[in-house]
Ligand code: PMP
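Single chain ahead, by itself, as structure tokens, in the form predicted alone.
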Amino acid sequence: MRLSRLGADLSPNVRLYAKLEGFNPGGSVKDRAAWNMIQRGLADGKLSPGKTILDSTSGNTGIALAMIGAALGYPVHLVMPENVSRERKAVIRAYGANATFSSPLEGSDGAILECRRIYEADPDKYFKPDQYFNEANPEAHYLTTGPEIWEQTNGEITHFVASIGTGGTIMGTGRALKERNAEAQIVAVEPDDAFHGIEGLKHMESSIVPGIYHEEELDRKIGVSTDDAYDMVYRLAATEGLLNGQSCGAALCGALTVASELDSGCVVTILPDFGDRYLSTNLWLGWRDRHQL
């Protein structure tokens, strides 16, 4: 989708697009990685009848795994920070998955560590996709997201901007785009502070760095504040009619920063999901007061 109203102040020769990943069957970009990791697990025999799919998640990958597990007949056990949104918890329960909740103060890193403890206590019971360290995660985007963006922009993309959680989206998409045009710029967006409120994203310097994330492959990294990410969510809804989540707001902040520096170009960002999973979170609490509506 071209963001013509948010991009109204850009140079006339700059186009800004968002890829709306909320249209995936599980509602987020994470469907791609979850499906590919499960398919790889089935192919190599690591996932077999009688095993339970186990992984840590901030929400969207967990929803995707719960959906796929239900469809294939595998039980799913997820470890999530206690403070993930009520909507995400409800969707996971609806798919029949079980959940263990880790300390909200430890964020996604706490969920990773708790998931490891559960797995190590009974490794034969589980298939652990391990989204932060499974190369099938970025491979999904190398095989699908990158080629789709290239085709959808007729090969005219000059800058790809994505927020980083596991790093799978930007690594795999970036590789696919670089193969097609070595001059394409790959730009990552992360929270600008370790103590942030952008659900699903990692501040890499203060976090367990995913094994699939290779910063040397990036052309640039942009830090975005929680307030700016939230404000962008509100702007996006009010100006483009798109209701999205916090990580989408952060990604779009980064994309607009890049686009505003250009005289010409085609900037594409990923909006990982839609906003209906965040209506009970701090993202929307008090928003009327903030905007005097």
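The first residue of the sequence shown is number 1, and the count goes up from there. A quick note: this is a predicted structure, and the numbers were derived from the prediction, not measured.
Keep in mind that the form predicted together with the named molecule is not shown, yet the notes after this line are about it.
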Original post:
Taking the shortest heavy atom distance, is residue 190 within 4.5 Å of the named molecule in the predicted complex?
Top reply: no
Original post:
Would residue 88 sit within 4.5 Å of the named molecule in the predicted complex, counting heavy atoms only?
Top reply: yes
Original post:
Would residue 177 sit within 4.5 Å of the named molecule in the predicted complex, counting heavy atoms only?
Top reply: no
Original post:
Taking heavy atoms only, is residue 115 within 4.5 angstroms of the named molecule in the predicted complex?
Top reply: no
**OP:** Quick one: find which of 148 to 156, 192 to 200, 121 to 129, 74 to 82 has residues within 4.5 Å of the named molecule in the predicted complex by heavy atom distance.
**Re:** 192 to 200
Subject >> Heavy atom within 4.5 Å of the named molecule in the predicted complex - qualifying residues of 249 to 283 >> reply: 272, 273, 278
